[in-house]
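Take a look at this single chain, the form predicted alone, given in structure tokens.
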Amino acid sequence: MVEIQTITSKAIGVMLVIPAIALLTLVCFFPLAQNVELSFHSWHLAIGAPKTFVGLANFERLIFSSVFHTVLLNTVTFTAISVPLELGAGLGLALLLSRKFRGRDAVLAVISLPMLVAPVAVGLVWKWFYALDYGMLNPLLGVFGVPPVNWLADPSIALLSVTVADAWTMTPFMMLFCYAGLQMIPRDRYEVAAIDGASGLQKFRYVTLPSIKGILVMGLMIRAIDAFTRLFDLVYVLTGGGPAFSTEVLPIYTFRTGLRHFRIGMGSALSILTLAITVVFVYVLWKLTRR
């Protein structure tokens, strides 16, 4: 009787899982498999060329392309600057908000607002803020004697301008991650550290950081993946990838290649290459942060 009940329970469990697996296969695995298949073909819809098998030619062309090197460097640079910046700022804000003071909940809600705004709206606001002729930033800097700067049209600082806008948007996400981790630390650990005569800096180093290391690593990896693969809306609204490819990142380059120039095979190869680079990048990051 027990064996029959066990078999019945397993059968019910399998039946409940099958719809989720089928939906995941339909939404994720099938498009991924089709994308892999297209990456081995040359299919230029703009000129009506038929789909032909070319093997690894698309990947070879990308790997030796100077434009791809520039785009990859832009993406890595953006990720390397924005993610640590957001993590540091988010952790600092979380430490401040973890202290009890009047109106803390209201301050936490206000600081979290940028994360809730649509990326397109954020891009439009920052584009107006950065504008050379009518923006707010140049007049503010002009008070201190700084001459007007074309923040989004100067190739030397355009990527940094985009990074600052993204940090303003996503720092609240990292702050909430860190804040949640801080709330889970038992208070008695700080009491023991205080009895041992630990200073505030020592408490942070030997109690706080080890206690929230897992949370920090998880938030760091999520933001790194997001910054590397999903940075599209904000950059597209602010600069469109320009000037002179200075802010062109992998998602925009893939969109431009596959859906604007209709080079479907090359666009598919770009997306697969982006996925492979992201997996390697996250694996290395995970190895480094586990030490």
Partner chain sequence: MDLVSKLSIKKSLRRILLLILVVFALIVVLLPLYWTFSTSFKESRAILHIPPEFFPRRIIFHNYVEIFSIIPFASLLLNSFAVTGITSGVSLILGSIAAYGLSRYEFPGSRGIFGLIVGTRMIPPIAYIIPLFLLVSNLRLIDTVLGLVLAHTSITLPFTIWIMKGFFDELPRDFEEAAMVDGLSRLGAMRVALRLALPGLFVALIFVFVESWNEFMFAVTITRNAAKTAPVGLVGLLQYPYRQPWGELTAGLLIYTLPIFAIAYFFEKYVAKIYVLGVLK
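Note that the rigid core is defined as the largest set of C-alphas that superpose within 1.5 Å between two forms. Residue numbers count along the first chain shown, from 1. Just so you know, these numbers come straight off a predicted model, no measurement behind them.
This protein has a second form, the form predicted in complex with the partner chain, left out of what is shown; the following refers to that one.
Proximity of Ile222 to the partner chain in the model of the complex falls within the 4.5 Å heavy atom cutoff. Contact between Ser65 and the partner chain in the model of the complex is not found at the 4.5 Å heavy atom cutoff.
In the model of the complex, at least one heavy atom of Gln34 sits within 4.5 Å of the partner chain. Contact between Phe29 and the partner chain in the model of the complex is found at the 4.5 Å heavy atom cutoff.
Each of Pro114, Val117 and Val237 places at least one heavy atom within 4.5 Å of the partner chain in the model of the complex. Residues placing heavy atoms within 4.5 Å of the partner chain in the model of the complex fall in a single listed stretch, namely 123 to 131, out of 70 to 78, 204 to 212, 186 to 194, 123 to 131. In the model of the complex, the residues of 166 to 184 lying within 4.5 Å of the partner chain by at least one heavy atom are, in order, Trp168, Phe173, Leu176, Phe177, Ala180, Met184. Superposed on the core, the two forms differ at Leu26: its CA moves 2 Å or more between this form and the one not shown.
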